[in-house]
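For reference, the chain that follows is the form predicted alone, supplied as structure tokens.
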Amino acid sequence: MKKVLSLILALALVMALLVGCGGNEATTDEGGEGGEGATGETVKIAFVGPLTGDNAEIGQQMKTAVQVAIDEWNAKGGVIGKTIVMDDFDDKNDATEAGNIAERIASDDSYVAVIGHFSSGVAMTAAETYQEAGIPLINGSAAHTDYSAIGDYIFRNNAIYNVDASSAIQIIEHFGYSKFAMIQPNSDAGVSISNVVHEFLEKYDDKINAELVAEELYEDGTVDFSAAINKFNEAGAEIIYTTAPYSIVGPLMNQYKAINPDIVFVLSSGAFSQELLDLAGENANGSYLPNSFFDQSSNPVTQAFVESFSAAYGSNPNTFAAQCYDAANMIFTAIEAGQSDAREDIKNNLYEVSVDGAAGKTQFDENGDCPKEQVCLQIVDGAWTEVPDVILPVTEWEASLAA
């Protein structure tokens, strides 16, 4: 009897080991049979962004937008017959934290793709790891010129610095300002955008009438901008260009308008938010902002997204949320197009597919970039409004200057 029991136990142990080995075989360096996880019934992606800290509002919006896209696909039956799931990670917009998270994600075969990271420097640190591991990353906010050059698994769905800089200069010129100043963050991103502005001014010196009369870099956490304001006033600046986020722009506007109520601002996508309007109040009126997303657009895709996002989040989406929503749809469309959720297949198909997104058409070029057309927005009576026929695509604008 004991021999029979021993034999039964031995057979049970062998069966357990076989089942365990079979489960491990479901994941490989390319996500097993499409990175499907242990059950083979889900497609798992990772979202990484600043969910706490100074940029938490932006990160939370980005994460919510990705979840909205997931919910929409799952309501239709998922992708290639599988339910989409997401794990989220908080990198606090810190390069070291982002690097550690990227290592964790890249080494876990169940993740088929990554969406997120916020600032260019943080995203570029993490992107090196994703590229080496062969896992697709789509970012919705990294504007540094060199970001997508990291490799063929690295994509972005946002305007890059030359687009932002050209749009800002076009706004300044269009509305007839002759002297402008620039204040940017003292970071790789801030220095890069400043350099692009200088390159345009030097290249088209005889074609651009606006003059850059002063510039400053501010440190992260700055709350007192009086020195820069005094410098700009003494230089005779009529309009200020900054790519600072709303959390910086709000206090800057309030301090500047207390000294010079006539000053005008040209902002960037990081300031497109209700939070800026709440922080600056009437001091925000008259400000301009070039952007690839406008939540009041008549585009039916945009309006459907805004409605779904607002129901989930409680307020309208910002630009980065819209671009992350489109990024998620690109990943799921690529999986559907190739009928595969293997990492390499997703990467290859991302170069082939396109979606009509909340922030315009999303289609990656051979570099993994998505050329973005921008519209000019202005704050009028405490609300964002569109000003048509102000901004040309950067290639058209340069062609007009070179003619």
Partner chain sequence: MIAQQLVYGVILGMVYALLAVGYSLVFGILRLLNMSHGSVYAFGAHMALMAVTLTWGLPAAFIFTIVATGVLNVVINNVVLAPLRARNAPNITLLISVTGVSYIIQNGLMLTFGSTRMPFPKIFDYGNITIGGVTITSTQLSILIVTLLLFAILFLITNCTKMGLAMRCSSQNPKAANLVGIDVRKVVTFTFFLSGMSAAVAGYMIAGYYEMVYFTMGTAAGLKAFAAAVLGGIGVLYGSVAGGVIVGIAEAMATTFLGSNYAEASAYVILFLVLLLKPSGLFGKDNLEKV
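Since we're looking at a predicted model, the values are computed, not measured. Positions refer to the first chain, counted from 1.
Quick note: we don't show the form predicted together with its partner chain, though the next part is all about it.
Q: Its partner chain isn't shown here, but in the predicted bound form which of E97, D88, D109, E275 has a heavy atom within 4.5 Å of it?
A: Going through each option in turn, the one that passes is E275.
Q: Tell me, which of D206, E307, D224, D262 has a heavy atom within 4.5 angstroms of its partner chain in the predicted bound form?
A: By the 4.5 Å criterion, the partner-contacting residue is D224.
Q: Do E238 and its partner chain come within 4.5 Å of each other in the predicted bound form, heavy atoms counted?
A: No, no contact at 4.5 Å.
Q: Flag E344 as yes or no: does it have a non-hydrogen atom within 4.5 angstroms of any non-hydrogen atom of its partner chain in the predicted bound form?
A: Looking in the predicted bound form, residue contacts with its partner chain do not include E344, since no heavy atom lies within 4.5 Å.
Q: Can you work out whether A244 and its partner chain are in contact in the predicted bound form, taking contact to mean some heavy atom pair no more than 4.5 Å apart?
A: It does not: once its partner chain is placed as it appears in the predicted bound form, A244 has no heavy atom within 4.5 Å of it.
Q: Would A56 count as a contact of its partner chain in the predicted bound form, using a 4.5 angstroms cut-off between non-hydrogen atoms?
A: Flag for A56 set to yes.
Q: Counting heavy atoms only and using a 4.5 Å cut-off, do A337, Q339 and Q363 all touch its partner chain in the predicted bound form?
A: No, none of A337, Q339 and Q363 comes within 4.5 Å of its partner chain in the predicted bound form.
Q: Which of these stretches, 226-234, 121-129, 68-76, 297-305, has heavy atoms within 4.5 Å of its partner chain in the predicted bound form?
A: One stretch meets the cut-off, namely 226-234.
Q: Pull the contact list for 374-390: residues with a heavy atom within 4.5 Å of its partner chain in the predicted bound form, in sequence order.
A: None of them.
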